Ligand code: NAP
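As structure tokens, one chain now follows by itself in the form predicted on its own.
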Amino acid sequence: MTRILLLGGTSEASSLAKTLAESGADAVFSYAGRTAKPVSQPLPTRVGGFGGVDGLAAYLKAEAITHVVDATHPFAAQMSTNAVQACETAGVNLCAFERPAWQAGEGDTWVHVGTIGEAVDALPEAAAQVFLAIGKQNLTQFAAKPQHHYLLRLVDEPEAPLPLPHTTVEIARGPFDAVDDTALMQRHGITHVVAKNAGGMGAAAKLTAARGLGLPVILIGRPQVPVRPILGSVAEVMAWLSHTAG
């Protein structure tokens, strides 16, 4: 009997959830709980953390989970690491459903960095208008360069004061398109873009817009996680589930 835990939060996870529901699969969708109003899913859904590796392993055993599909954000490194370790402990099959990273093309001016701190260092010393397209989890380090004005695009209104002295917040949920992102950057006089290399079509509009406007992009590389099978499409995940069943 196959029972699936789908670790979600991405458009890939939502696409897989739809296919699993249509196939009648016994599956549970899990949200980390980072947004106030997550997208509803066609599967039974739980929201919140598991309590680390031990908590996740206990959940897998208690719920008789046989397969875990990690379709979290490519930068959710702690959750992905916990999933690898918990599945090893519980003897559960695991795969990652992950979008490929973005690759620079003709006309792109990208500065590749490995960490948030390196992204801060890569910003100029002179005051700039920065589109800080990294979500709300890693803002504090940018306070080291308070001379810049930061444009943030968030899913939810901030619940607490932001750690940056000069900010403008736009509340919006993707996917976005290049026309709107071009207009957004022009409206705010953006001179630099900072982004995580999340990959995928839904978040690539800012890169297309930056290319068209001739703006530099400081692109933060993906964090490392333990080795696990990585699949790139719903069809591949469904085939993996079928192949490993039983």
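Only a predicted model underlies this, so the values are computations on that prediction, with no experimental measurement involved. Start at 1 and count along the sequence shown; that's the residue number.
The same protein also exists as the form predicted together with the ligand; that form is not shown, yet it is the one meant from here on.
Sole residue of Cys95, Leu123, Ala90, Ala76 within 4.5 Å of the ligand in the model of the complex, by heavy atom
Going through each option in turn, the one that passes is Ala76.
Name the residue from His192, Lys196, His67, Arg211 that puts a heavy atom within 4.5 Å of the ligand in the model of the complex.
Flagged contact: Lys196.
All of Thr2, Thr45 and Lys61 within 4.5 Å of the ligand in the model of the complex, heavy atom check
Not one of the three qualifies.
Options 106-114, 161-169, 142-150, 78-86; stretch whose heavy atom lies within 4.5 Å of the ligand in the model of the complex
Contact-bearing stretch, as computed: 78-86.
Gly221 within 4.5 Å of the ligand in the model of the complex, heavy atoms
Contact with the ligand, no.
Is Pro216 close enough to the ligand in the model of the complex to count, meaning some heavy atom within 4.5 Å?
Heavy-atom contact with the ligand at 4.5 Å: absent for Pro216.
Consider Val28 of the chain shown here, and say whether it contacts the ligand in the model of the complex, taking contact as heavy atoms within 4.5 Å.
No, Val28 is distant from the partner.
Quick one: does Ala32 come within 4.5 Å of the ligand in the model of the complex, counting heavy atoms only?
Yes, Ala32 lies within 4.5 Å of the ligand in the model of the complex.
Does any residue in 5-23 get within 4.5 Å of the ligand in the model of the complex, counting heavy atoms only, and if so which ones?
Going through 5-23 in order - heavy atoms within 4.5 Å of the ligand in the model of the complex - the hits are Leu7, Gly8, Gly9, Thr10.
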